[in-house]
Ligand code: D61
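This document opens with one chain alone, in structure tokens, the form predicted alone.
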Amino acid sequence: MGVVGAVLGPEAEALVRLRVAAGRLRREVPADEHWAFAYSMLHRVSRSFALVIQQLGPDLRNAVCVFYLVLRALDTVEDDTSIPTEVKVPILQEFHHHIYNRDWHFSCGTKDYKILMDKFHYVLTAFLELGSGYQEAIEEITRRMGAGMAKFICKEVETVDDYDEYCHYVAGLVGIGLSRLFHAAGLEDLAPESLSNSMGLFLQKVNITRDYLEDINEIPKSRMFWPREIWSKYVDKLEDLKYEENSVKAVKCLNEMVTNGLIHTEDCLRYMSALKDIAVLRFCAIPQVMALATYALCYNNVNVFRGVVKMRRGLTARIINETNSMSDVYTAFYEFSSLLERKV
């Protein structure tokens, strides 16, 4: 554990080490204004991803940063419920063309997401500096994701198959795109799309499950991603799950949602066990371990319907610091799976 760990404890030591690593990354960011904006915005719209991206070398890290911000911008358009459907759908479908025009932007979203959209030219300038292999992978995934998002603007998530399809468009394609970036960097063989897709679905489903209350309370219009095929077994309307009188039914429904997400763990382990580059493994494995830890936290937990359920920052830091090999991944999966089993 070392002197720091002996004095502060393992979680406090992990937080200190994480802050040191974050400071090192800031010193490595290219000085150009557009790259400074990209990494600053990455930290603002997804602190967890900004921490995980530190595992990668500079060239691949830049490509993944831009890839994430392009898809976050696309997602901001999809998320903005104030944009009329007739305006939103064409933008989603054509977004992959716009990324080659550094002057393009579309004002939407709120807070940090609005800043991202208003100053999107910085991200596009960075995109145009990437190698052609990176650009082609980002363009293709943006095209496929935009088309899928447009499809679900006018389609409800009714069945579990719909749920899997929606999660494929918004997250499975991210996994597929990352696999292509790893391959373009010459670090990994190109993984099967089915395994890459499962890596994304596992992460997306934990977010959808955990974020029930935030999505159902979205203004001006609630966002509903839990499949009717599951929640209709327990209540007449999805929003009924948040009412205290339905707590028992809500927890049963929650547990079924968690169980649905856990079906992807075997594919995720297969994907990660085939990785050769340690930095890529850490980049991929840390979010997966965090997702399983979050599932363990959410299972049988009525607080999902009362507020925000999140892991302690110290535990997050420990996962980042202690996930260094496939053996560590197996150990973490076993520990959090055992915690889940005890809660069943």
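Remember, predicted model here, so these are calculated numbers, not experimental data. Counting begins at 1, following the sequence as shown.
What follows is about the form predicted together with the ligand, which we do not show.
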Checklist entry - So which of 198-206, 115-123, 250-258, 90-98 is the stretch with heavy atoms within 4.5 Å of the ligand in the model of the complex? => result 198-206
Item to check | the ligand in the model of the complex: contacted by all of His264, Val289 and Leu292, heavy atom 4.5 Å | outcome: no
Checklist entry - How about Ile138: is it within 4.5 Å of the ligand in the model of the complex, going by heavy atoms? => result no
Checklist entry - Taking the shortest heavy atom distance, is Phe37 within 4.5 Å of the ligand in the model of the complex? => result no
Checklist entry - Using 4.5 Å between non-hydrogen atoms, is Gly175 touching the ligand in the model of the complex? => result yes
Checklist entry - Are any of the heavy atoms in Ile319 no more than 4.5 Å from a heavy atom of the ligand in the model of the complex? => result no
Item to check | in the model of the complex, the one of Asp240, Glu193, Glu165, Asp79 near the ligand [non-hydrogen atom within 4.5 angstroms] | outcome: Asp79
Next on the checklist: Just to confirm, with a 4.5 Å cut-off on non-hydrogen atoms, which of Ile216, Ala171, Ile230, Ala150 contacts the ligand in the model of the complex?
Outcome noted: Ala171
Item to check | Residues within stretch 66-96 having a non-hydrogen atom within 4.5 Å of the ligand in the model of the complex | outcome: Phe67, Tyr68, Leu71, Arg72, Asp75, Glu78, Asp79
